[in-house]
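Below, in structure tokens: the form predicted alone, a single chain.
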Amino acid sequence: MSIFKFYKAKFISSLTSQGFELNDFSEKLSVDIPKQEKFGDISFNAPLVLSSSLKKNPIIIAQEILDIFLKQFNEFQSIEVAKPGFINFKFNNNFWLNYLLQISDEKNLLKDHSKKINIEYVSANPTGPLHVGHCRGAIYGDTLANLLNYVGNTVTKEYYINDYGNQIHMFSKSVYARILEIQKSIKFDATSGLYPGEYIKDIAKSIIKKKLIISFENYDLIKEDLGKFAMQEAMVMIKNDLLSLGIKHDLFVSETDLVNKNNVNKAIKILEDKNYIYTGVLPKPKGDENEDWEPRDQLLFKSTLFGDDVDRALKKSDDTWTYFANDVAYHLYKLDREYDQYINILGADHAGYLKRLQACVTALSDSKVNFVCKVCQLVKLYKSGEPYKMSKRAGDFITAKELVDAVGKDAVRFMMIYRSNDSQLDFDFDLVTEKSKENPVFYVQYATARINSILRKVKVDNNQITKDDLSLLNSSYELEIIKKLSVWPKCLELSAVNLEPHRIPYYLYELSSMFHSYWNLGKENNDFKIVDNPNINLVKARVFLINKILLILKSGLSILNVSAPETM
């Protein structure tokens, strides 16, 4: 139960019963955690919200509401007015013990407002394995999908395969060059602009072994089949990389399929019918020092009508579609499937695509869809205080699988989501393998293992616990833990509504820290021992409490797709 949503509803009901007209203000009313602990457990902003309509000082309104609440609520130890117009509440201990009894796995928290959501993430060019630079967006998108599913939405996890264009031709030629190297000892030309990575050799060997093509004598005769088979092998490699991260998409959409099925023409025709297409000349790109650049007529999309910096070209000089034109077709394909919300996860190197993507979706949908792009900032790897450098083009990079092999899936997933996607992330190999409080994933998993160790020693039937049993939980440490548990539903809601899954590992770390501190109290003071305590009723009450901690830790870790070990 979210005490914040529950008491917002109760407070609104109480005020409307006393003649307050709140229909126009209910969305602005909120029950939140006060900024400082000394102000109580929850805070209500009604006086500030209502002051302009009632033409009264918010402090006067707060006093009027206070008088009403004092008569109607008895679960508060204190209710106080605070400037500039808040009402602060502190619950009595009896309330917290009742709350502890009711804590459950808070799934489907937002089911009453459930949506059908499409999340496109990773969508890395299929010309090589996933590297560390892809990991963050992959894990952010996957965790966000888990979270949105968890709170009651229906989510489709989608990958867009960029398997069309010149980069794919170069990829196919690279595989062919490696095949000739293997079969005919023709030296691979590393200066030819081909992809030099070792993984190209693996793809070449697989195609040879499977006998997918009989003869490699003439590239022009086999280039289409070779490109298709090479792409299939590349996607097998990428899907295996994703599985090593615990990621499995629901749907893979091929750019080539969209082009071949005439989806690009369909999308451009729709924009043309809306009068968003014209033939014109784009200004010279800023910072472009190319002296050979010449202005030329191009087929353009009026993306500046929708907030973009410049209009966007739809055709190249050879009259083929631009990458952006194919992207327009892909987003039309998404829109045709009618989701309530569309979320694109982009890497930092694609941040410049935000405005044009938003423009094309707005134009295609007549501004009628909920479309959000989230950018994941760069990840920098450090080991022994020195940075690891990556270069996918040169084939000199750390793959996602190598990272997982080095530190484990759990550490990669937890730490990649531990900071907001808007912030650069420093991934420290030494830190994530350290067994200390400084390593968040270790500290959270250690909490689940430690609690399980206690539960193996002490058997308590939670169904037999009553509020009277829990009355022995009267220390400030225990009450603070219960208060922290009460914040979990709000953490889930804020994370889901704001698309900020980093709140979850941060909350889990804070809760785990409180548990470890509570456990260590028993080493310093026998009164706080959980297991070896002569008061068996107190033992049962404390075991009930840590069972609830474990429930929340396991729920949060399941969203992150990180294990909750029973032993460590």
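Everything numeric in this text was worked out from a predicted model, so none of it was measured. The first residue of the shown sequence is 1; numbering continues from there.
The discussion below concerns the form predicted together with the RNA, not included here.
J.: Pick from Asp189, Asp349, Glu386, Asp105: which residue has any heavy atom within 4.5 angstroms of the RNA in the model of the complex?
T.: For this set of options, the contacting one is Asp349.
J.: Of these, Ser172, Asn88, Thr399, Ser254, which has a heavy atom no more than 4.5 Å from the RNA in the model of the complex?
T.: Filtering the options by heavy-atom distance leaves Asn88.
J.: Spell out, yes or no, whether the shortest heavy atom distance between Asn57 and the RNA in the model of the complex is within 4.5 Å.
T.: Asn57 lies outside the contact set for the RNA.
J.: Is there a non-hydrogen atom of Gly193 within 4.5 angstroms of a non-hydrogen atom of the RNA in the model of the complex?
T.: No, Gly193 is distant from the partner.
J.: So, in the model of the complex, is Ser512 in contact with the RNA at a 4.5 angstroms heavy atom limit?
T.: Residue-level check for Ser512: no, no contact with the RNA.
J.: Does the RNA come within 4.5 Å of any heavy atom of Phe216 in the model of the complex?
T.: Output for Phe216 is no: heavy atoms all beyond 4.5 Å of the RNA.
J.: The chain here is shown without the RNA. Which stretch in 364-372, 216-224, 164-172, 231-239 comes within 4.5 angstroms of it in the model of the complex, by heavy atom distance?
T.: Within 4.5 Å of the partner lies stretch 164-172.
J.: For a quick check, can you give me the residues of 515-535 that have a heavy atom within 4.5 Å of the RNA in the model of the complex?
T.: Ser517, Trp519, Asn520, Gly522, Lys523, Glu524, Phe528, Lys529, Ile530, Val531, Asp532 sit within 4.5 Å of the partner.
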